[in-house]
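Just one chain is shown here, as structure tokens, and it is the form predicted alone.
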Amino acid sequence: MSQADRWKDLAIKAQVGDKRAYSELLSDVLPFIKLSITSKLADSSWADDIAQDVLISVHKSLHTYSADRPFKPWLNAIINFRRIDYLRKHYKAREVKELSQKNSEIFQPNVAFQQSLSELGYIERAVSSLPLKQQKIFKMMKIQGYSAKEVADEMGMSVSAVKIASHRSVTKLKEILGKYE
């Protein structure tokens, strides 16, 4: 039996609740996932994070796998989507960080009141005081520009829960920053 046929067989068994097959499937595909990812990354240390995202996606999506189709292309599609998502987030986060580091250089000559420059530090501290989940939601929606749907998909939450968390974050930030006025 070929590797692809074995994976297909394990996936079919896992879909009907065979825990041993499910465990074997994840163990068997992990080296393939890492090999597929590593060759396409600028930094091979990212492979473990992406591989974990792929395994989570396989877990969440296994019910969508159709037994009348080959397993390997289905897996490769998940690998590619997760790799692209990871890289998009990584480079977007890097851009935000670089902009944050340059903020003082940008604002210094353009700010009439130097006290305004220190407000950026207040804002960063206020955001970092939020619970981690709210920080992530706030940063993704309000700084990085993700939609509530994208954040919900990323975090495994409902869209309404993301909107509520975002609103609570903004309310909390207003409360915290109001102390500095």
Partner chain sequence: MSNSEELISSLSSDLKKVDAMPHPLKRAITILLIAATYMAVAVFALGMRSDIEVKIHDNIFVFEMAYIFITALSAAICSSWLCVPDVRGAKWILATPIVLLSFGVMWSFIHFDIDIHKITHIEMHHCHIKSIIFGTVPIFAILFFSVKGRTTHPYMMALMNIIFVGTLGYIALRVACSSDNAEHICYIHVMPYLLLGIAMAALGKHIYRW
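Positions refer to the first chain, counted from 1. Values in this document were obtained by computation on a predicted structure and should not be read as measured data. If you superpose the two forms and keep the largest set of C-alpha atoms that fall within 1.5 Å, you have the rigid core.
One more form of this protein exists, namely the form predicted together with its partner chain; it is left out here, but the text below deals with it.
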Contact flag, Gln15 vs its partner chain in the predicted complex, heavy atom cut 4.5 Å
yes
Find out whether any non-hydrogen atom of Leu55 is located within 4.5 angstroms of its partner chain in the predicted complex, and reply yes or no.
yes
So, Leu26 and its partner chain: in the predicted complex, are they within 4.5 Å at any heavy atom pair?
yes
Flag Asp68 as yes or no: does it have a non-hydrogen atom within 4.5 angstroms of any non-hydrogen atom of its partner chain in the predicted complex?
yes
Its partner chain in the predicted complex reached by all of Ser160, Ile164 and Thr171, non-hydrogen atom within 4.5 Å:
yes
Sequence order please: the residues of 66-85 with a heavy atom within 4.5 Å of its partner chain in the predicted complex.
Ser66, Asp68, Arg69, Pro73, Trp74, Ala77, Ile78, Phe81, Arg82, Asp85
Hey, does Leu30 budge by 2 Å or more at the Cα between the shown form and the other one once the core is superposed?
no
Core-superposed C-alpha of Lys133 shifting 2 Å or more between the shown form and the other one
yes
Core-superposed comparison between the shown form and the other one, Ala11 Cα displacement 2 Å or beyond:
no
Please say whether the CA atoms of Ala165 and Gln52 come closer or move farther apart in the predicted complex, knowing the change relative to this form is 3 Å or more.
closer
CA-CA separation of Asp85 and Val159, closer or farther in the predicted complex than in the form shown [shift of 3 angstroms or more]:
farther
